[in-house]
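Following this are structure 1 and structure 2, which are two forms of one protein chain, each written alone as structure tokens.
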Structure 1
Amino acid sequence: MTPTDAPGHDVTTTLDFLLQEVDGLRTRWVAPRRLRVDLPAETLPALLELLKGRAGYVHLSAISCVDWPDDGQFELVYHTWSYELNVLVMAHIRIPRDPGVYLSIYDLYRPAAFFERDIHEMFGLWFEGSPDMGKFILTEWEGPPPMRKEFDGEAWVMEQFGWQEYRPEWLTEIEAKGGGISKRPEQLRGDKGEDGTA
């Protein structure tokens, strides 16, 4: 930590004192009021309870998810804010992609229900103890979780709907003047043939 990366001495002293109570943490100031904490997944509930109860971290502003398929992991980031310290703590954990299950923090932060439900819908993670894991955005969606890195949106659309030529008269007029799109998506890329190979 450099002096320009951390807030005032009182704040860093308070957080350093509290965080030493939780084993296995790595901390790094990424901006004057943004502290990144990397920790084992099983330690997260203890960290959040400590921050909320002893440092005024009463606001959960987001839970975000990053897919790391090459590592076989999901990274969950819990963004919490203290109105007393005016510092955002971002707690980073990693969990296995398979089975993709983690504990809900709904009992600690009620807004977690929305974030967990969204992550379940987009990435397929299951949060044990969350009050509702039902769909709320992709209500008609029957495909795989669309935010996973292996999801190929174009291939899914082609499999579900196929290619349909759409050439109304007004489009052929635009194409005759050099405009419009008259090629299939894979032809436009130029790097793949009809079978998807280079």
Structure 2
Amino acid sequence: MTPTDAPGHDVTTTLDFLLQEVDGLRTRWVAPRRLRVDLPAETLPALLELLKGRAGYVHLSAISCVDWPDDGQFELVYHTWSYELNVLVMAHIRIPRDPGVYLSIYDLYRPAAFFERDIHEMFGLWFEGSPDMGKFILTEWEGPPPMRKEFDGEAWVMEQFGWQEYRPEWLTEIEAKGGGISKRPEQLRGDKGEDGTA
């Protein structure tokens, strides 16, 4: 198979055929080499095991976490890549936001250790069985997990540092001529807040 070619019919069918073995999947080809799989959280390990064992999905490209506070859910996306099929499978699962606990896939993919630790730091999720859930980046951070949507970084900054007045002479001159900043930063932030809720 020539690598630059888009996956041919055979690859597509192989993968589709293979994925029938797992229950509760919804598969969708979003791009020539991107297969999106939505599945219930409990079947993910089975899917990954199948992909790794039968289709050469040895490369875990990333684990992404998305916070959906309105749904009360975290979405976890496992991006895996097969060096044989050259197709990226993105497995989407949703887990409830409240306990925020899921299984580690470290025994299948070693790189998971880094991503799971990162998600734990940034979102506060807990992965059972992950080798090291210690802090790495935010070792000296005592606030809430910053990537959660309810953490308002900007407000935190305002509280911690305060807004710094910056009015050099040239700005005053411009303003005297009728120019200058049309919207104060407070106004801007106020607007944003309205937009965000809308």
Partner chain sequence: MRPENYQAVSHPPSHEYEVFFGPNHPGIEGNYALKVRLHGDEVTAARADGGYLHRGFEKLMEGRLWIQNIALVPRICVPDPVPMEVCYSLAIEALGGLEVPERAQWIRVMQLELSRIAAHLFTFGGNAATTGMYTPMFWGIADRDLILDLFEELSGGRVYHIYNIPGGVRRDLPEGYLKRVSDTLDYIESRLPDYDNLMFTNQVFVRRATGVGIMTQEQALDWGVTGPNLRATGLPFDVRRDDPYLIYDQLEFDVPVEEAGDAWARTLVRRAELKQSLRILRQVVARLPEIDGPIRAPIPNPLAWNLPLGDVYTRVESSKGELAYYVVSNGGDKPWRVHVRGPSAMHAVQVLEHLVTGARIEDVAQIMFSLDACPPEVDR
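Superpose the two forms; the largest set of C-alphas matching within 1.5 Å is the rigid core. Every residue number counts along structure 1's sequence, beginning with 1. On a predicted model such as this, the values are computed, not experimentally measured, just so you know.
- Form assignment for the chain places structure 2 as the one matching the criterion, namely the form predicted in complex with the partner chain.
- Comparing the forms between structure 1 and structure 2, the C-alpha position of S61 differs by less than 2 angstroms, with the core used for superposition.
- Core-based superposition between structure 1 and structure 2 puts the Cα shift at T172 at 9.5 Å.
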